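As structure tokens, one chain now follows by itself in the form predicted on its own.
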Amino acid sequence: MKIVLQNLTKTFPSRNKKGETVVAVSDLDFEIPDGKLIGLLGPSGCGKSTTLYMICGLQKPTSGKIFFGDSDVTGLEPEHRGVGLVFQNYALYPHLTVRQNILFPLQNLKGPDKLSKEEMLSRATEAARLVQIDELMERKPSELSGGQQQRVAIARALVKAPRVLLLDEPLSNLDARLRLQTREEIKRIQRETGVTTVFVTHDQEEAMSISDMIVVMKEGVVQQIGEPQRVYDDPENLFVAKFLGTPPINVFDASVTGGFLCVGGDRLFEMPGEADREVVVGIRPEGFVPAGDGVIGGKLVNIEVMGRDCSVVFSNPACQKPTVRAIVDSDVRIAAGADAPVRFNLKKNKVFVFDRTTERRIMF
């Protein structure tokens, strides 16, 4: 089921005496393709959960429209939209077994949608099998691990065969190893069912690993939409470049001087035809190549060996943080010793230039 958000805005009344409204989501206008898994990504308070709740009908937009396929569902109640929603805390009924939790949405169907007992049990068993909890049907939620509870919540959302599956930060309560395993399961389930899925998270690694497309948001405004790798490789502004990437991008105060991009006293690249001005330069950690006569350098702080990779941490006065982190192959030998000089050449496709005022990308 294709989802279209058309000029969607949501405001809330302010609690201060001035009566100013708070804009949670501002003029969202994009399409979620049928059968894809889309990640709404951004920091806390950026409006991603509010967007999710408007899609499912729990919150009404202040303005704009929501379409499922060609149908306008903006004013439709949640129970009539055909959505399955998994909350951050799973919201399982503690006094019911796994089977009863999964059956619950089916038992509330009425009219022509009402199912026989056999049909309900068959659907519940199939949903449990899909999320691989069919051996746990008689347990209560308190007898399950966090990952198993999360699977029960997904099974309960899928059992009604929804047109759209909505996941509100479903992995935030899991430990790191279980998060990795469970996000792979979510991707597998989505591929097997083919249901259009919207996944809300503040964890860029999660969003990039399982999403077909990500929507990066900040303060209720969409910053960039695209395939995860494409957004990472081609950020449109400084916020997107800084938000995506682990370790994060290294950001330097820089300038365009005499047709060259300069960081401190180092000339990085030519920028012919570009007017002299102050800019910001972002360099991905994997964009550094050790070289004795490299274009940028600093004083060595530390070397962290991490198996196949090696982090070279050094200082540069133009960096906006105390240290710069370069990721290089562990086979590369760097002269050890605190304050030893280090130099690097740069991979041009890993270097991004931004206007210092607007923070928009400058192509070169």
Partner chain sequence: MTDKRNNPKAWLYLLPAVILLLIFSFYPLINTFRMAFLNGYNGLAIIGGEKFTFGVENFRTVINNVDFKLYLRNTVLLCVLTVPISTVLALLIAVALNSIKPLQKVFQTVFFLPYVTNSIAIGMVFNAMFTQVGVGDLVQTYGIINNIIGLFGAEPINFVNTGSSWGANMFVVCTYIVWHALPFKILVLLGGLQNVNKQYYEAAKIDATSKTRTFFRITVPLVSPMLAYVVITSFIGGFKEYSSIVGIFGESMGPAGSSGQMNTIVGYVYNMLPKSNLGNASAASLILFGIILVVTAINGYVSKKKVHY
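Positions refer to the first chain, counted from 1. These figures come from a predicted structure and were not determined experimentally.
Just so it is clear, the following notes concern the form predicted together with the partner chain, a form of the same protein that is not shown.
The partner chain in the predicted complex is not approached by residue 301, whose heavy atoms all lie more than 4.5 angstroms from it. At a distance threshold of 4.5 angstroms between non-hydrogen atoms, residue 276 is out of contact with the partner chain in the predicted complex. By the criterion of a heavy atom within 4.5 Å, residue 68 is excluded from the residues contacting the partner chain in the predicted complex. When the partner chain is considered in the predicted complex, residue 104 lines it closely, a heavy atom lying within 4.5 Å. Checked against the partner chain in the predicted complex, the residues 96, 178, 291, 137 give one hit for a heavy atom within 4.5 Å, which is 96. Interface residue among 192, 118, 113, 77, judged by heavy atoms within 4.5 Å of the partner chain in the predicted complex: 77. Stretch 78-86 is the contacting one of 78-86, 208-216, 265-273, 242-250, since its residues have non-hydrogen atoms within 4.5 Å of the partner chain in the predicted complex. In the predicted complex, the residues of 156-181 lying within 4.5 Å of the partner chain by at least one heavy atom are, in order, 156, 160.
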